[in-house]
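In the form predicted on its own, a lone chain appears below as structure tokens.
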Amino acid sequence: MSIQPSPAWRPQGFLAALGPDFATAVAAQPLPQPHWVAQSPQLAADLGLADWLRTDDALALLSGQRAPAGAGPSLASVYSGHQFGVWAGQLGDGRALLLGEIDTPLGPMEVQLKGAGSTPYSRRGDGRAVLRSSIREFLCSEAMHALGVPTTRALALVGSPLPVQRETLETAAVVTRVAPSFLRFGHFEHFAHTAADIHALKTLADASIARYFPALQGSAQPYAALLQEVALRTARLLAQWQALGFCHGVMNTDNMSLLGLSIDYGPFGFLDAFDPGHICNHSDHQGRYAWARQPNVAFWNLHALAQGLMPLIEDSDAALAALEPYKAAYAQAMLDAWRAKLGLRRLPEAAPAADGDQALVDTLLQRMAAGGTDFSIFFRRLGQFSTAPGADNSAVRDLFIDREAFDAWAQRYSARLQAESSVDAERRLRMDRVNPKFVLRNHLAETAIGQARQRDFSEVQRLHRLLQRPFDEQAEDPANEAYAGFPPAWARQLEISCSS
């Protein structure tokens, strides 16, 4: 029995067609006694798999107990990369297996099992994923999509009583990941540096352009054009991360998507109290991947990709020119995002005032950092800000320790709104569409994980449903309000590491 008559599996997908240098056939190691932890009905419907996902056949396939009919053997791809700024050499899919590719209403999609056992690239690891980290990846993949951020998706999460040793003894799980491609910067670094195989590098680059960037095929310098397009996509992605207060935690080059997707949710986090230097990864001892450093790290990673493509580009000036647009693209995307979060528009009548928008943002972030203002709650409440003379804005003002400093900023903000004749009610509607009420804070994920360890998956499923509508009030259930509240004191003690 195949996954379902339509869409049908294609054998192994993109990398398999390129030859044996790019991936290794590996059979999944089945999870014993598998059970559903959670599913994404929205993604299943989008992929045309809603009916199939409810079947025993789906559970067997997504737990590694059987292979999809017609797909051929599953694959683990090889890549290399820089980890924490240091060249790590050959890496690869150490616990991820590509089942194959399917045609869907969203276009061709690769389907991958994360946690399905060891591969030739596991580097002495067991190739398994634990329930704890798998819950976090499942929830955040789908939450980021609902927030409008380009990302790999998560179709389902399967658990098992199989014991797995990490810092403590945990149980195993497998996340089914879906994306148009799982290509990373590290795939190109591998063939340029570790394998030193320029023919394979050219094969990979040409196939990637033909498949994912067809508009670049007529370029005079297609490889430089590829680099520039990836740089622009990465710039836009990073602006979205920063505007949401999202910290990736492990921005190694092997965790950077060629398509500009958020990929590999490990020790991620959303900011609670605003701290530009916040480090969400307990293993990041030097703070390389702190929130404020993410845009520059992305630019550094793009330089690493440029080095990987240099044997094809051949001209260092052309490579640097391809990277240069990242700076302006990120700056503009970031300013646009801050304006949207503040409810500001660049209307003709507001043009002179708009020139000071960056300074207005910078001052605000300084005020927030000084007192550790809650990032998500502030921007959501700011939609309620009133420009009426003598209005009571205490719901926003009381988020700041230094009330007078906020008052000074609020006066400038109010003047800026008035310069564009902003209507408070209309502005709030706009702001509520970009400032989420619900984000996946660490304490929410930790609570769901704690219950799941007792075989109670209701909180995982509830969080998943809640995070599918992050911008809505969701007042139909009064209990939902607690999910948008301040984190409890114990949340400050949470530490998320690379093993998460």
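Throughout, we count residues from 1 along the sequence that is shown. Note that the structure is a prediction, hence the values are computed from the model and not measured.
Just so it is clear, the following notes concern the form predicted together with adenosine monophosphate (AMP), a form of the same protein that is not shown.
Taken together, the three residues 79, 83 and 123 all lie with some non-hydrogen atom within 4.5 angstroms of adenosine monophosphate (AMP) in the predicted bound form. Of the stretches 381 to 389, 246 to 254, 421 to 429, 292 to 300, only 246 to 254 has residues with a heavy atom within 4.5 Å of adenosine monophosphate (AMP) in the predicted bound form.
A residue is said to contact a partner when one of its heavy atoms sits within 4.5 Å of a partner heavy atom; residue 128 meets this definition for adenosine monophosphate (AMP) in the predicted bound form. Although the partner is absent here, residue 95 lies within 4.5 Å of adenosine monophosphate (AMP) in the predicted bound form, judged by heavy atoms. In the predicted bound form, adenosine monophosphate (AMP) stays beyond 4.5 Å of every heavy atom belonging to residue 357. In the predicted bound form, at least one heavy atom of residue 91 sits within 4.5 Å of adenosine monophosphate (AMP).
Only one of 170, 229, 264, 272 lies close to adenosine monophosphate (AMP) in the predicted bound form, with a heavy atom inside 4.5 Å, and it is 264. Note on the partner interface in the predicted bound form: the residue among 412, 202, 327, 166 having a heavy atom within 4.5 angstroms of adenosine monophosphate (AMP) is 166. Heavy atoms closer than or equal to 4.5 Å to adenosine monophosphate (AMP) in the predicted bound form belong, across 211 to 244, to no residue whatsoever.
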